[in-house]
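There is one chain below, alone, in structure tokens, taken in the form predicted on its own.
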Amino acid sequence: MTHTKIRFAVTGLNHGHIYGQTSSMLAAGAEAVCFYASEDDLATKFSSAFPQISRVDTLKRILEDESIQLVLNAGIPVERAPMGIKVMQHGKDYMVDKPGLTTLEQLAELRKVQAATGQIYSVCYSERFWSRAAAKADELIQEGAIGTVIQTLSMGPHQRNFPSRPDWFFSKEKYGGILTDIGSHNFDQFLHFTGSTAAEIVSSQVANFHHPQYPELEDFGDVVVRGDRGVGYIRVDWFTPDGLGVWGDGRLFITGTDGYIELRKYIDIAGRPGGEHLFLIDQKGIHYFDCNDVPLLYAPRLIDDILNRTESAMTQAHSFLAMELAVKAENMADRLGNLQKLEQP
């Protein structure tokens, strides 16, 4: 991979993932030029973490700076696609936190603008790109360790921390729904590990089982999805108990024709310390891998793609398809629990 530097800027600090996005680009050798935020409290916090990145007073300063090649964003979800359109129309690539959009109308406009400009619209699916266990799974699958992948089962439980959440977190219009939001991670993993390039939603459901005080919050969702090269089941929720000690017991099971892999990304409740655990079960036995030293390649590959106009980090079609499936699953979902009761006359 090339080590030529690119220059990037940051705008949209509303979700904490912006810190990981920024850190990953800096670690890969990119140069941070500046950031823009209209919220003083968010700007102060960001400046404390990255004092070397100066704040500019207008978004225009970023958009019209021809030396900036990439813009990072983790704004309010409903605002991420409109910002990406502006960025691409100004000749810059865009790395956005998931969800990269919230509606199919936004997706249609994004596809149109991306095709017209040729710019990169990269959705940072951090539960794969920032998971060393997922990177190790890639290696093993490419080596044929479990044969042909036929199914993924992914679980994304999350800790609530509701008192610290901003108002937009509880607005369906702004966050897009649980399957659009945190579920998009799982659609990315399904497409990637099965190798599917086309897929359909078989069934989906969302619920507010336990939080009637937040009438637009969905605290549970699950999906059955069928692709052209495999099938998948996805479950996400906001029910991680505080006693776990981490924000979620994220797990991924990848079933192949000759074995299966389990990722315990953030904790091993069987007792091994830390995260990044991988278990491989094949015809010969059970194998454990500590993946903490496996390199993460998303940011370096994205830099190469920006410089060489390639698609090594993720294809544009994949980036958009994962979001399309998430929004379609959200739109067609049966609505249960308090959501169902709220909709009754």
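All residue numbers refer to positions in the sequence shown, first residue = 1. If you're wondering where the values come from, they're calculated on a predicted model, not measured in any experiment.
One more form of this protein should be noted, the form predicted together with another copy of the chain, which is absent from this view; the next part is about it.
S.K.: Given the stretches 125-133, 237-245, 83-91, 169-177, which is the single one in contact with another copy of the chain in the predicted bound form, using a heavy atom cutoff of 4.5 Å?
M.R.: Careful reading of the contacts points to 237-245.
S.K.: Heavy atom within 4.5 Å of another copy of the chain in the predicted bound form: which of Val113, Leu140, Val78, Ala199?
M.R.: Spelling it out, the residue with a heavy atom inside the cut-off is Ala199.
S.K.: Is Thr117 close enough to touch another copy of the chain in the predicted bound form, meaning at least one heavy atom pair within 4.5 Å?
M.R.: Residue-level check for Thr117: no, no contact with another copy of the chain.
S.K.: Does another copy of the chain get within 4.5 angstroms of any non-hydrogen atom of Gly275 in the predicted bound form?
M.R.: Result no; Gly275 lies far from another copy of the chain in the predicted bound form.
S.K.: Is there a heavy atom of Gln106 no more than 4.5 Å from a heavy atom of another copy of the chain in the predicted bound form?
M.R.: No - in the predicted bound form, heavy atoms of Gln106 and another copy of the chain never come within 4.5 Å of each other.
S.K.: Does another copy of the chain come within 4.5 Å of any heavy atom of Arg160 in the predicted bound form?
M.R.: Answer yes; at least one heavy atom of Arg160 falls within 4.5 Å of another copy of the chain in the predicted bound form.
S.K.: What residues of 249-267, in sequence order, lie within 4.5 Å of another copy of the chain in the predicted bound form by heavy atom?
M.R.: Heavy-atom contacts to another copy of the chain in the predicted bound form: Asp249, Arg251, Phe253, Thr255, Gly256, Thr257, Asp258, Gly259, Tyr260, Glu262, Arg264, Ile267.
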